[in-house]
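Form predicted on its own, single chain, as structure tokens, below.
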Amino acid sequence: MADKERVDVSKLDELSRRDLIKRAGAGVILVYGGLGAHGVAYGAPKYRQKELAGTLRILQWSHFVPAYDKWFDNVYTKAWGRANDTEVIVDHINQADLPARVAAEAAAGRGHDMVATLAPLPQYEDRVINHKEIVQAVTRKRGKMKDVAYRSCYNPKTKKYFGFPDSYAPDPVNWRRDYWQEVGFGGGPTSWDVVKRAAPKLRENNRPIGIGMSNEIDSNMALMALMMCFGSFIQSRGHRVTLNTKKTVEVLKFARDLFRSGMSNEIFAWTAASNNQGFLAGRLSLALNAISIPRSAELSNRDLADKTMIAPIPKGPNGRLGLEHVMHTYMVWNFAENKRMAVKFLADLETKYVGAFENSKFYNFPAFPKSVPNIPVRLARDSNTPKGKYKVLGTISEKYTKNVGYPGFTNAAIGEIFDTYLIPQMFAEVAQGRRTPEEAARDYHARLGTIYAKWRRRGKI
């Protein structure tokens, strides 16, 4: 093989997909820079050669930015697999179908080596490995992970990492600059009070506010963040249920009034794609979502893309507190057939995350910030108009992004509440007049308390 070109996989991010495929077709050998004994990268976990061969099976969702899946499936995993004598098989599934598929694999004790989810699933802690080895391997090279990632995937009760977060998506507000200017609010949704005052005028122009109250992930994220802006929290720092408060009653009243004055009934039947579709169709004036909305507009409707602005979550009585839109988390099953290569794959992926960040078009922010150098510079040089509009993602990431379950850790009870969509159901019942805000706060506090008691008995909280 001495006459074949050698490509350093550690510099894979610098290669275009077309260039890599062209080189691979010409008989390229893909290697890691700084290889030690048995072809293992320096600083990575050490494995015997016989454990480096085989198949690695990954289940993950179809990314909201299609360019990411093209890079991950056709460039990164192919190159990593060649370098590690491993066939990497990636199976994609619609994100709405992912929870059921994960549950089925956990129950059966068979399936993929690892699965990637849009949110941590601490309720599966007993079915997965301790991902501490991966965290330590990346930490040695890239320093600490962000607190939002740490608090999302670590159980302080059991001292176990029940997942490995490779990335998270900051959650901005997407708003139509032209629509808001038409009704006299050209400054955009700077506060929830402004949103409430603008909403009736926007709906009069058939451009309602788009915040879901349905059994889907975007409704979960938007409503939990709205709660925090009003000082309402599901749990305390000590992981005790704190829902039944005056602050919760206030935010439920606010959401009910916002729905009645500025939203439409469609929000009660939304899927995760609905706010994207509504916004891209020109119907919605505002939606809480990651940057899949403007990125999609840039591919299909340049005029809409130029009029679509992104901003931090509006300020509420308790300030600005938001959630990550997606906490992308890999779980390696304890019944996986190729645990060793799963561990190595994730450590390698995170250590050089530039390719993932760039090919996701800034959707995937690294859980370990130093895995992508000069993030502010990369955000600022995006060529789409208005120039520099993606710079705000850095501000959102640093100042306003908290974990689900804040001010506590994401735990098994939070995971169950998230998966069963109890928060959107609570808001929907109040907005539709089926419960008063006071009744909802009291009754859902009791329902959540039952969930917490169950997981506390199991020793997970």
Partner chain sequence: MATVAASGRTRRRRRNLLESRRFLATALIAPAVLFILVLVGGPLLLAMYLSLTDAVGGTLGGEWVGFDNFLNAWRDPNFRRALRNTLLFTIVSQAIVLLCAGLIAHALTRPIRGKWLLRFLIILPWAAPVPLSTIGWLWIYDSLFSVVNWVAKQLHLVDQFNPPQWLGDPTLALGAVISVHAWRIIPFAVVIFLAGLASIPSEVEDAAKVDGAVGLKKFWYVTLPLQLPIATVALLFGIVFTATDMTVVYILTQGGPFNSTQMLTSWAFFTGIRGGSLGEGAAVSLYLLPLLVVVAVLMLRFARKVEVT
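Model, not experiment: these values are computed from the prediction. Positions refer to the first chain, counted from 1.
The same protein has a further form, the form predicted together with its partner chain, not shown here; the description that follows concerns it.
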inquiry  = Can you tell me if Ser264 lies within 4.5 angstroms of its partner chain in the predicted bound form, counting non-hydrogen atoms only?
reply    = yes
inquiry  = Under a 4.5 Å heavy atom criterion, is Ala281 part of the interface with its partner chain in the predicted bound form?
reply    = yes
inquiry  = My question is simply whether Gly355 lines the interface with its partner chain in the predicted bound form - judged by any non-hydrogen atom within 4.5 Å.
reply    = no
inquiry  = I'd like to check something about Thr245: if you look in the predicted bound form, is any of its heavy atoms closer than or equal to 4.5 Å to a heavy atom of its partner chain?
reply    = no
message = By the heavy atom within 4.5 Å rule, which residue out of Lys339, Lys391, Lys157, Arg127 makes contact with its partner chain in the predicted bound form?
response = Arg127
inquiry  = Which is the contacting stretch out of 208-216, 234-242, 136-144, 149-157, given heavy atoms within 4.5 Å of its partner chain in the predicted bound form?
reply    = 208-216
inquiry  = Going through 441-461, which residues have a heavy atom within 4.5 Å of its partner chain in the predicted bound form? Please give them in sequence order.
reply    = Arg447, Lys454, Trp455, Arg457, Arg458
